[in-house]
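Shown next as C-alpha cells: one chain only, the form predicted alone.
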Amino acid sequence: MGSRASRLLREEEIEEIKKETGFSHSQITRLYSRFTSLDKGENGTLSREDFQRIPELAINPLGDRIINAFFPEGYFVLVIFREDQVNFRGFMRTLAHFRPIEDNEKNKNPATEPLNSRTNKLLFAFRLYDLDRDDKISRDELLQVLRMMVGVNISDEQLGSIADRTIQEADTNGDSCISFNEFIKVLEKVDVEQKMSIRFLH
C-alpha cells in the first residue's frame, strides 16, 4: 500500500507535464490514477503486458502497433523509458497525440510544435505503418498492416491490389514506397485533428 502513496505526483511534475503535453491539472491527475491502476508491478512503470490487459487494445487489430507506440526507440528511450517499461511522463507524451486541439491553441506559435498538432498526429499514424522505422512505408509493410486490420476477410490478391493502388496513388517520387511527405499529401483533405482525437475529461 505504501508504494502507491510514495509515488504521488509532485506539483512540479504536474506543471512540467502540463507544459509538455497541454493536458490540464485535473486531466493529469485523472490519467495518473488510471496509470497506477494499470501498473500491476507497482513500480511506477507500465510494461507491454500491462497494456495488453486493456480490453480495448486486446481486441483492436492494431493493438500491438498502438502498444509499440508507447515504447519508441531513440532519444526519449534514454530520458523517459527504461528497457521495455514506460513511466508516467512517457505515457502522457504518447496520449498527448490524441488530445484535441483547442481553439485557443490554434493561433499560438510555440517554439516547438505541440504533440497534438496535425503534423505530429500524422507522424504518429505514419509510424504505425512504418514497421521497420526506416521513414518510409513499403508495399510489404502496408500489406502487413492491412492484414492486421482485415484479417482473413479479404484474399491476399485483393490486399495486394489495395496496397499497389495505394502506393501508386501516394508515391510521387517513384521509389515504390510512401514517405512521410507523401503520406501528408495523401491525407491533406482528411480531418486528422478530429479523427485522431480523444475527448479527455477536464
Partner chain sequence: MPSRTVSHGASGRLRGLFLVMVLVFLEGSVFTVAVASSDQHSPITAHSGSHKATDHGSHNNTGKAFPVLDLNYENVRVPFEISLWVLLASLMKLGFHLVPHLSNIVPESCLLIVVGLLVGGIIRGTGETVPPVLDSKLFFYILLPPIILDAGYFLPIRPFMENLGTILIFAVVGTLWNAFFVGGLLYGVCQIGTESSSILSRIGLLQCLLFGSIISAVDPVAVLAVFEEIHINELLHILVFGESLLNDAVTVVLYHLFEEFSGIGSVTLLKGFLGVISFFVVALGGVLVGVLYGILAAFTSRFTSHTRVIEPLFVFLYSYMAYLSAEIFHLSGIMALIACGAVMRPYVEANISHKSHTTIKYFLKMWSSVSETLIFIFLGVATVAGPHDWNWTFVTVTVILCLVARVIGVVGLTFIINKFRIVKLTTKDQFIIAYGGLRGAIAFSLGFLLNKEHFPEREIFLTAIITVIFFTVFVQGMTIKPLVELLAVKKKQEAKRSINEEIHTQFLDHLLTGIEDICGHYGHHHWKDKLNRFNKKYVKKCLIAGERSKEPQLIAFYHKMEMKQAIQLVESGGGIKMPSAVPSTVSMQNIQPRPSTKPAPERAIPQLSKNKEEEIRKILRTNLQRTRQRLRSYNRHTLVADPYEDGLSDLFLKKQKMFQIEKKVSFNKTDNTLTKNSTIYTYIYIHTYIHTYIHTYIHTYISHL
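Predicted model only: the values in this text are computed from it and were never measured. Positions refer to the first chain, counted from 1.
One more form of this protein, predicted in complex with its partner chain, exists but is not displayed; see below.
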query: Heavy atom distance at most 4.5 Å to its partner chain in the model of the complex, all of L38, L62 and T166; finding: yes
query: Contact label in the model of the complex: I178 to its partner chain, heavy atom within 4.5 Å; finding: yes
query: Proximity of K189 to its partner chain in the model of the complex, heavy atoms at 4.5 Å; finding: yes
query: Contact of E20 with its partner chain in the model of the complex (heavy atom, 4.5 Å); finding: no
query: Its partner chain contact in the model of the complex: S161, any heavy atom under 4.5 Å; finding: yes
query: Residues of 32 to 70 having any heavy atom within 4.5 Å of its partner chain in the model of the complex, listed in sequence order; finding: R34, L38, F51, I54, E56, L57, I59, N60, P61, L62, I66, F70
